[in-house]
Ligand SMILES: Cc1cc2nc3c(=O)[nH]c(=O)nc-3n(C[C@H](O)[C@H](O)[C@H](O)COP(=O)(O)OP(=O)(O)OC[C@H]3O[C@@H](n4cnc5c(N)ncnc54)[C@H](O)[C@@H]3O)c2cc1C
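In the form predicted alone, a lone chain appears below as structure tokens.
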Amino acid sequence: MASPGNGWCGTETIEPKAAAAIFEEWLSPYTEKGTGQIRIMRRWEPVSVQKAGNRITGVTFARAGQPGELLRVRAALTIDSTDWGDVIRLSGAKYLAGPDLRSRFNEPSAPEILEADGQQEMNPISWCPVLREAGRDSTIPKPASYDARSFSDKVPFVDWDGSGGIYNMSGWSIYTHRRMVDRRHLNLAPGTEMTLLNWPSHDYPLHQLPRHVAEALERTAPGSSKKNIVDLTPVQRRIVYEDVKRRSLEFLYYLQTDLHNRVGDYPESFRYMKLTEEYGTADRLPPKPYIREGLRLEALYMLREQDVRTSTEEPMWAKAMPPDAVLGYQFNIDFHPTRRKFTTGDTGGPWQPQHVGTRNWSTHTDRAVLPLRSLVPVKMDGLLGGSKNIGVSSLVQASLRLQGQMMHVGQASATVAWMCLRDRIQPRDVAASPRRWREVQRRLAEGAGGHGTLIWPWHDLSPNAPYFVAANILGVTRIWQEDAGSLFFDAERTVTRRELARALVRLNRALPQAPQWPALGTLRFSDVAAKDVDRASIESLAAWGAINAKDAAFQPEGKADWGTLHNWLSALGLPASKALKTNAKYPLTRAECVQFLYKVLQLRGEWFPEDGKWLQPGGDHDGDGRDDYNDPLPFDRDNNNLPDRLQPLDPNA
């Protein structure tokens, strides 16, 4: 069953133990049980990093809680996917943690100054218990630190069967928010009902820690209670973790007692739910917290709010779609409460989480992409960012932090690492080479023994589709242009002559031996106006001999067929499948069109800028006034998401 939870905040759910088993199964053929390529070693923490000059050569680990037991790993390349970016921090590579000031990236929602303890402010961490129905009173023992004033929630449960889909306010409650198995509405076996607690009231802000936590940290080292958690040692973080766990149990006790007593009994009460035993931990809690924000690598490009932000309530396409995209995504700039309000004014007393300013969950982003450059350190070699340890601002990390997104980051970093090891080069060599970008993008889109990665974030593109790779690559190259105001590829829609002309002209210009743009004079066609956005493309196609320039009209909204594409390709001297001529009267769908065009690109190859001629400190390759390290569109002087080589001379195009 794909959606057993009927959850308010998500559809697909899976029990933790089952998910862990699937991951183990995926890895099994490559571990000691199979090829031996992967060795899984658990409960080790980085304690030092070995370097040769400016290159990481290895990492030393200590077993968690046993600092005397060490493990040294030598590596040609290291991907840091740790929770807090410890390898990056220990290596001396540049990184950021906490809020970015507006002066850093000029982000509209960034603070102009940091308030007291502002360097600690992060998206909060949470310890998220999983609860299974018990059929009896399973109230946990009252935590010693419990104070009902820490919580003010009023809606623990609504009887909702998932009707209307996620984010339907009729289903909004603590219980249904992250329900994992909806046994009652789906007629499943008794005892299978499950829910997960992931609710703002039990979030744990890292700004201005409670007094007992601050005092415990100060006993380990003076000043540690004022540090960002990224800069704490594993031992110090465990002090914070213990308080996060306490907060989680206090909230559960509140749901089972004070809140339950206030609202009365209800069908699936938290009182009759018990902590699951599937983690195998003594306290029956997850082995680690949910971390929403950590260290952020200082990378060759830092993705920022104005790159991904939308100004409307209906997310569309991001302002900047970098050409070295390695994954597509969209999510709100989603901050859970980042600060706490002490209800009595005493930092040793009860507190409640609190949103402040623009750090909330109401800001949408557009369909955006993460550039390959955001995985690569500004200076350090032998290193790639992974998980949340990537080149984004704090605001962007709030939108790029979900588990599925982090899997895609891992796939991207691993693919770059594969190329580096194969070619004996450094990640920055990949970042500086558009030719290598494209190989990484193709590998990601094609997949390896499974589905490929969505690079260009079409809303309706299935990884099972035979045109998946073509639509991704032609999207990211900008040979295929999306419809204004639509996020859909719309695969079965018939291509218009206008669309085909635009795509074919861009394809032709993307080839190594590209024809020059013609100068536009008088109008060639009576039905293509001077201000028509596609005039330059249509008339360029005519100037290159693909269209009869003597025709009075072009019929831009007319439907293209397979014969149209065959004739235009043939006239341009490009490979044209015999099937196009044989089936000349077939309407040409978008799915078919991108596959035919992508085949031409594969057969003829693609023009790329020369490696090493850009991405230089202080350089500005496209001359747009933004240096390469701060330019999401480094080959696009107009910054209109169309590379200069594909930009017709007509300023209206």
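These figures come from a predicted structure and were not determined experimentally. In this text, residue numbers run from 1 along the sequence as written.
Keep in mind that the form predicted in complex with the named molecule is missing from the display, and what follows is about it.
Checklist entry - Might S387 be said to contact the named molecule in the model of the complex, defining contact as any heavy atom within 4.5 Å? => result Contact with the named molecule, yes.
Checklist entry - M406: heavy atom within 4.5 Å of the named molecule in the model of the complex? => result Yes, M406 is a contact residue.
Item to check | is_contact(V235, the named molecule) in the model of the complex, heavy atom dist at most 4.5 Å | outcome: No - in the model of the complex, heavy atoms of V235 and the named molecule never come within 4.5 Å of each other.
Checklist entry - Do T310 and the named molecule come within 4.5 Å of each other in the model of the complex, heavy atoms counted? => result Judged by the heavy-atom cut-off of 4.5 Å, T310 is well away from the named molecule in the model of the complex.
Item to check | Contact at K319, D366 and W456 by the named molecule in the model of the complex, all three, heavy atom at most 4.5 Å | outcome: Judged in the model of the complex, none of K319, D366 and W456 sits within 4.5 Å of the named molecule.
Next on the checklist: For the interface check, one of 422 to 430, 471 to 479, 284 to 292, 555 to 563 should have non-hydrogen atoms within 4.5 Å of the named molecule in the model of the complex; which one?
Outcome noted: One stretch meets the cut-off, namely 284 to 292.
Next on the checklist: Give me the residue from T82, T139, Q306, T358 that has a heavy atom within 4.5 Å of the named molecule in the model of the complex.
Outcome noted: Comparing distances to the named molecule in the model of the complex, the residue within 4.5 Å is T82.
Item to check | Contact assignment for the named molecule in the model of the complex, among Q411, N198, T494, Q119, heavy atom within 4.5 Å | outcome: The option sitting close enough to the partner is N198.
Checklist entry - So which residues in 126 to 147, when you check the named molecule in the model of the complex, have a heavy atom no farther than 4.5 Å from it? => result Only a single residue, C128, comes within 4.5 Å of the partner.
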